[in-house]
Structures are given as structure tokens and as C-alpha cells.
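Only one chain is given next, in C-alpha cells, and it is the form predicted on its own.
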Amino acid sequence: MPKWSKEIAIGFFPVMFVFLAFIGVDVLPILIAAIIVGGLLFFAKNKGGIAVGSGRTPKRKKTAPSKLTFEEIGGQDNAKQELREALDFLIRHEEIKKFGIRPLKGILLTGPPGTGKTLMAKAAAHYTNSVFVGASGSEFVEMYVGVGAGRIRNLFKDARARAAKENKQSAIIFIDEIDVIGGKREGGQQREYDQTLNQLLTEMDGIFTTDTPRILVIAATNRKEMLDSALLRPGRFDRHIQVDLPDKKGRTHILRLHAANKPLSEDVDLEKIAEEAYGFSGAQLESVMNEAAIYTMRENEGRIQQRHLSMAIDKVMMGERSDRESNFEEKKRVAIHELGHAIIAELVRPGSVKQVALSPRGKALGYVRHNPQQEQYLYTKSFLEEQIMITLGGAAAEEIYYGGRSTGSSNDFEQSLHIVETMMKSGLTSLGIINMNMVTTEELMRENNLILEDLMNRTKHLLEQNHAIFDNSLDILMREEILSGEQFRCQFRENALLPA
């Protein structure tokens, strides 16, 4: 419609109403109707809503192209290298034709939450100079039939249209949490999720790698085992790239990246912090740097100190300090419980305890801070049994001193049961090499109880042998509320149990 049509309408309708009134026509009902219709049209245009069950997709906000590069993503060297190799098929399109190589249609990024899967997808778009169109699996889920499938179609259509508009040779479609729509299909009546998955499979089959713009689908999940086999086969998601938790080198790199815009003290040792942050994801490490800066600002200091970073690790791991105050008896029980963990840890792994504290954090009324662990990916039966004994130490100490347990051991028992399950799956129990689905629940429970009862008895025996250390450490902990690892080991040396 020409731009001047609005001006004509604005001038015509008032003149028409004046003319009708002049010749004696009652214009009031017409005027009221016109106002109502105009108001409804204005509301419908500006609300941006969609008719219920219509299957139309809300307009996706156009975001500026991502400028994130692989160099700005800490750690994950192997995953980044594997992803780059896969992306080269998209960039060197003419070259791979000579070898008859079929370009990839899909890449699946799998791994724990917070490891940088979304960041890697954005960096992939920058690396290939592609349009980036992102969506979450939950965006396609609605109770109305056909809505999810329609949105999948529009997602691919939008990617092609944007690539053509921006004169790009390729487009990357990123679907986060793909397990929401890509779960294994069950027999019987089709669900809305199944229709959405079917549409995604159809769209991926319809990707012709010789066409321009070329489309590459990147998806992310932390539950790969739940995905449908049709989605995982070659020709759809051709490459599966594991994005694991970073090792010490990767954690140090991530900390340095996030420390770039923060005032660090000269004596801060980020490698030591990376050791203490064993098992942290990239997102948790970013939070450590952020929380350390908050502690520094809270104390009105100009630079982040090493202690601020250590405090931040505690905060991210266990939560903020609580203002809850326990009565004397509850405080003593907590101290006995934590010392049970600490004594067993020091006996089976000398030098492992860094601090025992009674200060409440998160839901915990006390905690044991362990020294940095070495990077380890394989575990022996004896190592796992020692780990179970450490987790049972708190409950064992309560039984020795009070004759019973408290609810404070519930999380310890969950950890113990998980470790026992790992041992069973790995063939490290008397059941031998088994398929967990082929063993009855009664057999599993019997073996579980035998393992835990034996380790609980061994744990109690060790604690009873070291009751002098227990009593002396309890006095210090109740008085000072914090027992350092060195103070703790002094108790052992005085009893000639550990070398000086």
C-alpha cells in the first residue's frame, strides 16, 4: 500500500462523516462501530499474540551476529579441535567435492551443564561466517497439536531467509536441550513431541548440502542416552562431540579469561585456585571470579586477594554463609559428624584435609574442606571403598557418641549408594560382571547392604582406635569453630600416627 494512502484516509473519513450528518444521517452508531473496529485492529496489531492452537510461530528477535571466537572459550581444547575439523567441511566446500566427501548435516554436543556447549555453537557461527539462529527445545513444546512441528519448519525457513538476506553462504541452526523434543519414541498413540521430532528429522533429511545457503544443525544435550536412535544416525547428527568438565589446565585458562577485567592482587595464584576448584564447570569458574570480586567490594578493598577466591569457591560449592545459630547440643553433634569425615579422610588419604568448620553454609551446618585432588579418571575398588568410608564417617561418629544417627547423614548416604552402584556397574563387587537390568532388586539390595555394612564396621573401628585424636580435635573445634588442616594433623603427629 502506498505511503500516502494513510493521509488520504485521515482526510476522507472526517469529511464523509460531516457530509452524512449534513444530509440528516444519524452518524453516531457508525462512529461508535468505527471506533470499536479500529480499537480491535490496533490491539491485535500491537499485542503480537497468536491465536490459540494456530500453529503460527512468534517472530524471532533478530540478534546481532555472534562475534565469539574459539580462543575466548577456556579449556575444551580437544572438543574445539574436533568441532573445527567438522566445520571445515562447511568452509572448504569446493575442496571436499574433489574427494567425494559428503558435508555434515548435524553436530551433537554432549556433556554436563555449564561446560560451554552454547558458547561453542556461537563460536562455530563466527568461525564459518554463518548466520546463527538459536532455539531451545522447550520453545517447540506446546499442548496444541502441530505447533511444535510448525515452529521447526519456520526455524529452518528463517535460517535460509536470513542467510540470503545477509549474503551468507551458510547458516547454523542451534537447538539447545534437544532431549526435550528428541527423546526416544514409544509405541502406541503419537504424542505432540513425536510429531515435532518427526518434523525435525524430515527437515534434516531435506538439507541438500550442495544448495546455497548450506544449513548445519548443531544441538546440545546433557542426556544423550535419552535421544531417539533415528536422530543419532549418520546423515542426521553425523558427529557427536563430548564437551567434558575442564581439567586443571582448562580451569586455569578459564579463570584467566574471566580475570581479564578484574583487579587481581599480584600474589594471586590462579593455578592453585584451579587445583582447589577440582570438578568445577566453566560456568562455576566464572561464578568463582564474580563472587571473589563481590567479596572484595564488600570489604572495600581495591584488589582481589587469594582468600577472596578461596571464599568464593566455598560459596559456589556450598552456598553463602547462613545466619542460623545452633544450640550447644546440635553444634556438638555437627562437630562430631564433621570430625568423623575428617579423621577417616586423613587416615585413608594422609594430607587430604584442609579445614574443618562449623560455620553453616547453604543447607549444611558444617563442612570439611579437602585439599586439591589430582586429576583422576579411573578408580580402583579400594579407592571407591575408601571414598565410601569417608562419606560414612559422619554417621559412624554419631553412632559411636550418641548411639544413633541424625538427618544430617542423608546426603552422605546418597553419595555412598551412588558409589556402590558405580562399583556394581563396573564389575567391582561379588556379583561380578552383570547387566543391572537382568539382576533382581532383591539381589542388588542384598549386595548393597553387605558392602555398606562391612565398610561401616571398618569405619567405626578406625574411629574407635583414634578416640584420643577425636576428643582433642573436638575441644578445639567447639572452642574456635574452625580447625585448620595443619592443626588437625598436629593431633595425629602427637599420637605418632603420621610422620612429622
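Throughout, we count residues from 1 along the sequence that is shown. This structure is a prediction, so every number in the text was calculated from the model and none was measured.
One more form of this protein should be noted, the form predicted in complex with adenosine-5'-triphosphate, which is absent from this view; the next part is about it.
Judged by heavy atoms within 4.5 Å of adenosine-5'-triphosphate in the model of the complex, the contact stretch among the candidates 407-415, 269-277, 304-312, 109-117 is 109-117. Contact here is defined as any heavy atom lying within 4.5 Å of adenosine-5'-triphosphate in the model of the complex, and by that definition not a single one of 105, 128 and 238 is a contact residue.
Not displayed here, adenosine-5'-triphosphate is approached by residue 283 to within 4.5 Å at the level of heavy atoms in the model of the complex. Using a 4.5 angstroms threshold between heavy atoms, residue 254 counts as touching adenosine-5'-triphosphate in the model of the complex. Among heavy atoms of residue 176, some come within 4.5 Å of adenosine-5'-triphosphate in the model of the complex.
Among heavy atoms of residue 72, some come within 4.5 Å of adenosine-5'-triphosphate in the model of the complex. Proximity to adenosine-5'-triphosphate in the model of the complex, defined as a heavy atom within 4.5 Å, holds among 370, 93, 258, 331 only for 258.
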